[in-house]
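Read the single chain below, which is given as structure tokens and is the form predicted alone.
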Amino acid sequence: MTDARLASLSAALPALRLLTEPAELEHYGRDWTRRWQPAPLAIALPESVEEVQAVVRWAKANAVAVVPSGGRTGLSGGAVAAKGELVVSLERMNKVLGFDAVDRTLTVQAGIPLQLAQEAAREHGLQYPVDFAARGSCSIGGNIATNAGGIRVVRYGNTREWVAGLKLVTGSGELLEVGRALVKNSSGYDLRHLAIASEGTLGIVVEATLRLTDPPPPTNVMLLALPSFDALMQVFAAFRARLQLQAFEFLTDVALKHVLAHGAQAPFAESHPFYVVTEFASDEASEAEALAAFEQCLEQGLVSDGVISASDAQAAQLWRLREGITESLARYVPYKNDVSVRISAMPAFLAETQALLGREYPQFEVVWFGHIGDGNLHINILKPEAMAQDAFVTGCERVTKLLAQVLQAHGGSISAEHGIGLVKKPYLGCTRSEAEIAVLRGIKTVLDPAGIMNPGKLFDP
């Protein structure tokens, strides 16, 4: 607390909790990328919207940059504080504020973990359907900041579809209440959607009103073994034609190898090159349709084996093979690509990308998995143990430039659900035109005139 600026912040907000110990700065100053050395000024942990507003006003007056912080499970460097920024962590703002049975909405503070929001919805006989493996640690505010997707986008869509309204503290410390849970609202620009996926560059999401829906139907999970990469989209088409899919995820034998080494149970006696985990609404008719789709694909040589869950425990085991990938790879600190194209463009994109990575990464282990049902691929490159980190990242960035060109040719995006942050900033131009980026800059200037909100993320000041 020897910094004069922090002394003035403490004087202005004596009840505000501030952390300055080195271990705390290290913990709150980074996300899952682990590529930048954390160096924040301090960590502020407000407990109310009013405290957040006061902190932002202080930051503007003292020209201190602010990095909003949720669960810091991001993979693009969006929550990194490496240049003396004040980290504003919302982890103490983690309460359910209200439930509306008529509108079927749940209002929460932005720091609440996704899993707790899901549990709160279930207490009222409903569900908040956005879901992914980091549900226990990621926050609703962070989900909104990146428009997070996850494993059930094929059925329910991204976070954006489930945010009925939110409160945003802008870079001037003003509080905007946008959306207001209206089903219809044609009264000008929808500022709610500007805030969603803005990565904290326009302000800090402090509250959200989430749309809820009916509880999910009973489901079954099926694991399919595929003999070739080319079969992937054909299998997807066959199952989508017959079933109400809740999820359709794929992984490679390399990904499965790491999950099994991390403690998961092998699903088949033999190894196969590719796998699909699919979940579908379950009743007697749909189970018959699932088996018919499997037999059709088997006859056509598109699948070589399969297993369908016979219990909730077995379904959880099958899902672990997909959801455990990221955790099983964490010790390697992999270089990650998170890309998307239209589903119709996926076959051509997959073929071109597989050829590109096979050609450019002959010496690296590449782990593929992703949400094929919504056109999203995750590509993880593992660093050889003897290779220096800087040389590894430089090599990967060279290939990412080539990958970005392929994405541009297919009308895709360099970031499907993890945001741009620091990692993907150099490739934004392959996803957005110069005119679009100019508009994005203009919007930021209006909502953050002093340029203090997460500067350097998404694009340079």
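All values reported here derive from a predicted model rather than from experimental measurement. When you see a residue number, it is the position in the sequence shown, counting from 1.
As for the form predicted together with a small molecule, it is not shown, yet the points below apply to it.
Though the small molecule is absent from this view, in the predicted bound form it lies within 4.5 Å of a heavy atom of just one residue from 221, 243, 163, 75, which is 75.
Checked against the small molecule in the predicted bound form, the residues 369, 128, 239, 274 give one hit for a heavy atom within 4.5 Å, which is 369. Residues placing heavy atoms within 4.5 Å of the small molecule in the predicted bound form fall in a single listed stretch, namely 322 to 330, out of 289 to 297, 307 to 315, 355 to 363, 322 to 330. Using a 4.5 angstroms limit between non-hydrogen atoms, residue 192 is distant from the small molecule in the predicted bound form. In the predicted bound form, at least one heavy atom of residue 378 sits within 4.5 Å of the small molecule. Heavy atoms of residue 258 never reach within 4.5 Å of the small molecule in the predicted bound form, leaving it off the interface.
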